[in-house]
Structures are given as structure tokens and as C-alpha cells.
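Let's start with one chain on its own, the form predicted on its own, as C-alpha cells.
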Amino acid sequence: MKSGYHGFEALWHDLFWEAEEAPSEVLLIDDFLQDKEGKSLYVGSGSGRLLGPLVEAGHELVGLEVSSEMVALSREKYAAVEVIEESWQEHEGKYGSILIPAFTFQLFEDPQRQLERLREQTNDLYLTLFFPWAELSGDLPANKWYFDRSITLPSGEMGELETRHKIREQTGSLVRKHRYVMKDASGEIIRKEETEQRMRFFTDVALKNLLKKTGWEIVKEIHNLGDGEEDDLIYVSTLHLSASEK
């Protein structure tokens, strides 16, 4: 079934990332790839925001992206970078390593089966996951629309993002609805689009049990994309995983 980012969600994705000024994963992935041999696969490569600079830095890397709109954006900006338009669940092949940054893994159903399949395709895996502290703590209101962020679009209009979420802590499930609103200079609404994401999240214990069950060992763990102090609340974990002996 076709999925992935489309419409405003695809067109505005990088603009929201840039406006947030969050740490980039480029340096973290570059470090992971330093001692890896053979071609690596980047699952969910999107617009090429990370893929392009990594290939330009000399890494043998191919992108895999299900959204035709994101693939088009990637090919437009990084014409020489290979991107395959296909879902990971349909993709076959073995790789020196596989990268799944930017929380993409949490969009997949049946995480145990996905990790088992990844184990068949590579011995080295880069994975970034987030934990929804703000939603669980009530800092963000559940089942209500709230303002998330806004950007000034290259065309001069304003792009706004509103979010509504529902969380099921017992099953580790987070459903987010996003409302993208384009406004003109006077504040009049030009167009709205809504999307929905269903994401998995894992406690530390649950994640480590899942990795052990599916044949993965943690080689390195980086907190909060390498930003902040060691005792800060961990909202993002980046993992270097290696296949354990069966």
C-alpha cells in the first residue's frame, strides 16, 4: 500500500526541520559509516536532506523512499545520488550496513518482524528513535488541536502546523494528526491539508529485550543527537547495532 509523505507534508518537511534548528544527524551517520565496507542502504531517505551530503562526503550509499514526491525532491536537489522508489517491506538485497535515522523505524508495523528482516539483510544497523515525553507527561494536550510551529514559505506565504495526538502507553502507540495550513500575507487561509501518523515507541527495557530477541547487540548509544548534558532527559536515542551470533 502506498504511503509516505505527500503534499504540504513533503514540500514543507525540510523547512520545518531547518526552522527548528535541531542537531543534524549527518555527523552521527558519517561517524557510523567510517569503518563500514560495501554499499549502505538509507531507509526513508526523503528529500535527500541527509542522504545527499553523505554521498557527497564520499560514502557509498543508496536511498530508499516510498513517497514519489520526496523522491522527486531528492533527485532535483541531488541528481547524481541514487534513490530507489519503493517501500522497504518490498525491497530485497543485502548491504554492508543499513541506516534508519529520523524515527522512520517507528512508523513500521510489527517492529519484531522488521528487526528480524533487517537481521537478514545486514550485520550493521544505525537506528534513531524518539520517546514522547511531552505527550506522556501531559505537557502537550491529548485529543486537542494545538499550535505546533510556523514557517515563512519561499513564496512569501505563511505555513502553519497544528497537531493533535492520542497516546496508548500500555501498547506503546502514538497517533499524531497534523494539520498544515497555508495563509496569505493578510492571514487568510488559502488551503488546508491533514495527515495522520501511527508510531511505535519503546521503553529502555522493552527496546533492549526486543533487540536481544531479534539478534541485535548495542555497540554504541548516543543520547539527544549528541547535544546537551549527560544527565538531561533522554528524548532521542541513536543506536549503532551489530548482529549477534545466532
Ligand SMILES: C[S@@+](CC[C@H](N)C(=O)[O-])C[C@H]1O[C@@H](n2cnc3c(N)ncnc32)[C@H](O)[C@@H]1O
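Heads up: residue numbers just count along the shown sequence, starting at 1. Fair warning: this is a prediction, and the values are worked out from it, not measured in the lab.
What follows is about the form predicted in complex with this ligand, which we do not show.
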property	result
L107: touches this ligand in the predicted complex, heavy atom cutoff 4.5 angstroms	yes
Non-hydrogen atom contact H13 with this ligand in the predicted complex at 4.5 angstroms	yes
In the predicted complex, W88 touching this ligand (heavy atom, 4.5 Å)	yes
Distance check, L129 to this ligand in the predicted complex, heavy atom within 4.5 Å	no
Answer option from R49, K183, H59, R200, heavy atom within 4.5 Å of this ligand in the predicted complex	R49
Option from 79 to 87, 116 to 124, 154 to 162, 167 to 175 whose residues, in the predicted complex, bring a heavy atom within 4.5 Å of this ligand	79 to 87
Residues in 64 to 93 with any heavy atom within 4.5 Å of this ligand in the predicted complex	L64, E65, V66, S67, M70, E86, S87, W88, Q89
